[in-house]
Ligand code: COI
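Only one chain is given next, in structure tokens, and it is the form predicted on its own.
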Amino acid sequence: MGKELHIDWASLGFKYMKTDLRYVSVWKDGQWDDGRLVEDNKLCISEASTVLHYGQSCFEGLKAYRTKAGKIQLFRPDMNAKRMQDSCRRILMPEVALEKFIDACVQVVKANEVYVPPYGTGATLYLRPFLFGTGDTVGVAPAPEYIFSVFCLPVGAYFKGGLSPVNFTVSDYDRAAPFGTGAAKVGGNYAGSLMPHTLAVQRGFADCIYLDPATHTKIEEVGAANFFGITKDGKFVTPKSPSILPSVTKISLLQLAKETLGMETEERDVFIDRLDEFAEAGACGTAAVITPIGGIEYKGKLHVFHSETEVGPVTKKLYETLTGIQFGDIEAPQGWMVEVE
């Protein structure tokens, strides 16, 4: 008999749940070990680990989806592997090979297959690969040892309400410095976002919008997600900046908008005082998927896009196309889906 779970898949939020096994690999003496699956969800590290003092850490987020036929597939894990390599290079950590990263993710999904939500529930299995510096280091320098790990948990919608519009407010705080670590998925970026996020939520918003750190005139990110807008003449637009984290979802939407929906696409400056050029707007990312933006508050005024209560037609079509591919209902572009066998 297989393990039976009593999970209300439809009411899952984005909260931690301990699953059966996770993958752990250690880098020591210049190389990674083979890695293994372990039951223990606790990691034992030195008190002098660089992750604790200097924030030498990065992470990724990706999902596994169950198809109507019962198969399980990962969405573009190679993109997450490459982005983790970019993050590692930025803060001088050893890279994880593409094959090792994908193999670790596949092992974790297979070992926790019972936690992959059933098709049709809208829920998914979220994977969190992460890498950080350990060993004994007190000076500001790269760590002598590292741990790469992947765990997983079933999740529902990141923002309450699923595919329904939410409002955001523009933050006075910066998410990243002009030539800092904004394009890398490092832990410190998120530590700095906790207060702006909390302040936004306390005022009734889903999260905050960050403007470019140099001029505070252009939209960069929406909380922990990327921004996109649909112009009144039907273009898919997303901000371009060296301090934006390149979202795998955003990169995928750019391709789908152009090749599947036949839209013009632009990566360019998005000025906060020109929001009226957009008929629709949204936040996109692995956790958020696509979250429609009802309105953005800026300088005390709420600019409403399509509606505060209804999803715009283009945003809805993009969501249906993306999730259709992820759940296996729509044929995916070549190489996008990796089946877990």
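Just so we're clear, the structure is a prediction, and the values are computed from it rather than from any experiment. Numbers follow the displayed sequence, beginning with 1.
Same protein, other form: the form predicted together with the named molecule, not shown, and the subject of what follows.
Item to complete: Tell me, please, which stretch of 295-303, 272-280, 55-63, 26-34 lies within 4.5 angstroms of the named molecule in the predicted complex when heavy atoms are compared?
Response: Going by heavy atoms within 4.5 Å, the stretch is 55-63.
Discussion item. Taking the named molecule as it sits in the predicted complex, is residue 51 in contact with it (heavy atom to heavy atom, 4.5 Å or less)?
Written reply: Looking in the predicted complex, residue contacts with the named molecule do not include residue 51, since no heavy atom lies within 4.5 Å.
Discussion item. Contact with the named molecule in the predicted complex for residue 9, defined as at least one heavy atom pair within 4.5 Å: yes or no?
Written reply: Contact check for residue 9: no, nothing within 4.5 Å of the named molecule in the predicted complex.
Worksheet item: Looking in the predicted complex, any heavy atom of residue 286 within 4.5 Å of the named molecule?
Response: Taking the distances in the predicted complex, the answer for residue 286 is yes, it comes within 4.5 Å of the named molecule.
Discussion item. Residue-level question: is residue 183 within 4.5 Å of the named molecule in the predicted complex, judged on heavy atoms?
Written reply: So residue 183 does not count as contacting the named molecule.
Worksheet item: Exactly one of 256, 163, 224, 200 has a non-hydrogen atom within 4.5 Å of the named molecule in the predicted complex; which residue is it?
Response: So the residue touching the named molecule in the predicted complex, by this definition, is 224.
Practice prompt. Please pick, from 168, 236, 146, 126, the one residue with any non-hydrogen atom lying within 4.5 angstroms of the named molecule in the predicted complex.
Written response: The residue from 168, 236, 146, 126 that makes the contact is 126.
Worksheet item: Can you tell me which residues in 190-206 come within 4.5 angstroms of the named molecule in the predicted complex, by heavy atoms?
Response: Sequence-ordered list has one entry, 190.
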